[in-house]
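Presented below, as structure tokens, is a lone chain in the form predicted alone.
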């Protein structure tokens, strides 16, 4: 079969919404890399200055630019957990194939992942690499009622038939048949649902702002670009419950008045894209997407746009710029996406976990979701737990559950003969908790009282074998690598902190500590987005909890 010609690819995508990423992927898939010739064709076709297009393409990690090292060359995860399970050794073993390192690939529960084109393999050595087995959410040994994971373990839940058998699309049906858009927003607001991507902004308040904003069309965007090391919760929802995300987007669209939506999917999840595409096709065929949904006057379309590997695109305004074909820098705020989002129009950007909770909430009354939490905070949180524990995986926990209960009772505690030395919060962004501070409840007030935050819910555990200085250096080097470079506090600060952990800085201990503290303070106060504000936490917490390792390694 002949490959599509240049102009055929361009015409296929030029008239579509948010065309740049799919067009780049089309050439990338056809040729194995993005040639200068391809970029010179794409730039005028989409009205993008060639220099800007070059800058944008080279910003992403996974677009191959060299015909001698195409997208089929292995990319090996060397993230915090995979590094401890042989990631660097596997990278060396695959060097003869042109292997390159990649940051955390969202499979901390199945180390070590390797990408080859659209194929994902896992294993500690070339001889043992195999396709990852389906990994459902971890069992709930506490017997607590779940929200998002309540039916996800049901066979065939990922199909439309299986989803409908377990209550799927009942929330949308109720919204369209019984509720006005204002009533849906009020229902979600009263439930207490807040953003689960890290920011924790009340979902109903965001939807109200979009609904009230002037300007048409309006959009709903699902942020499925979970690039935070140690976070892999969105993947399990997308793989085993894709229709829940679609239904959540539909309800959000009905509430806000949106006519179109995008799922911005991280590059490292090629299988998830296949599953999502099939689910969207099923939804269109059944009348849940498109025109006059369920014989109503409601219309909504969903498009998938695959990223290309850039941590910063998890920040909602950088994601918007990426969708629009611009360099994915974060935007200055205000204005906010709720009034000036995609193409300058009102836009609700919600995380996968947030959207997947919405159908369950719409099927019930707000008090049901409120009462799932153990304390004053409503609902549940999915925790991606990995590292040195016996049973890593995704756990849906009630807010207020003690961290110790999750680590020891649910996940089996540390490996035999070992003790837990530290655990990260919010992936890497919340830094470490250690010692007595591990005695904390899993909710934002509890975790923030220890100087950290829960965020997206990634927790990586490190036992007493681990060199915490090396772990910290790897973490801050990751932030330095992923800094978009737009603002100098983050661009320079992450580099300076990396140098300080390499032994740089003043020889005098007090001066060294003062300098590190000053760099961290400046970054937190003046960085343009959350990356620069959060990055110092891993260094600050290392200094706080492990002074002996600091003194011995400076």
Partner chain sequence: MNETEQIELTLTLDGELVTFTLGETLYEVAQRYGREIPTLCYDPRLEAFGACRLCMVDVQGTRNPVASCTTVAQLDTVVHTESERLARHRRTLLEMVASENGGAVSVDPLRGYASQELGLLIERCDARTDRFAGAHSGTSKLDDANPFILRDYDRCISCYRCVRVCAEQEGDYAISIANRGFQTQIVTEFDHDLRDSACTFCGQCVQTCPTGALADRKALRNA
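All values reported here derive from a predicted model rather than from experimental measurement. Residue numbers count along the first chain shown, from 1.
Below, we turn to the form predicted together with the partner chain, even though it does not appear here.
Colleague: Which one of these stretches, 325-333, 275-283, 233-241, 171-179, sits within 4.5 Å of the partner chain in the model of the complex when only heavy atoms are counted?
Modeller: Within 4.5 Å of the partner lies stretch 325-333.
Colleague: So, residue 543 and the partner chain: in the model of the complex, are they within 4.5 Å at any heavy atom pair?
Modeller: No - in the model of the complex, heavy atoms of residue 543 and the partner chain never come within 4.5 Å of each other.
Colleague: Even though the partner chain is not shown here, does residue 429 get within 4.5 Å of it in the model of the complex, heavy atoms only?
Modeller: No - in the model of the complex, heavy atoms of residue 429 and the partner chain never come within 4.5 Å of each other.
Colleague: My question is simply whether residue 54 lines the interface with the partner chain in the model of the complex - judged by any non-hydrogen atom within 4.5 Å.
Modeller: Taking the distances in the model of the complex, the answer for residue 54 is yes, it comes within 4.5 Å of the partner chain.
Colleague: Is the gap between residue 66 and the partner chain in the model of the complex 4.5 Å or less for some heavy atom pair?
Modeller: Residue-level check for residue 66: no, no contact with the partner chain.
Colleague: With the distance limit set at 4.5 angstroms and only heavy atoms considered, check whether 165, 365 and 393 all reach the partner chain in the model of the complex.
Modeller: Looking in the model of the complex, the three residues 165, 365 and 393 all stay beyond 4.5 Å of the partner chain (heavy atoms).
Colleague: Between 21-55 and the partner chain in the model of the complex, list the residues on our side with a heavy atom within 4.5 Å.
Modeller: Sequence-ordered list: 36, 39, 40, 49, 50, 51, 52, 54, 55.
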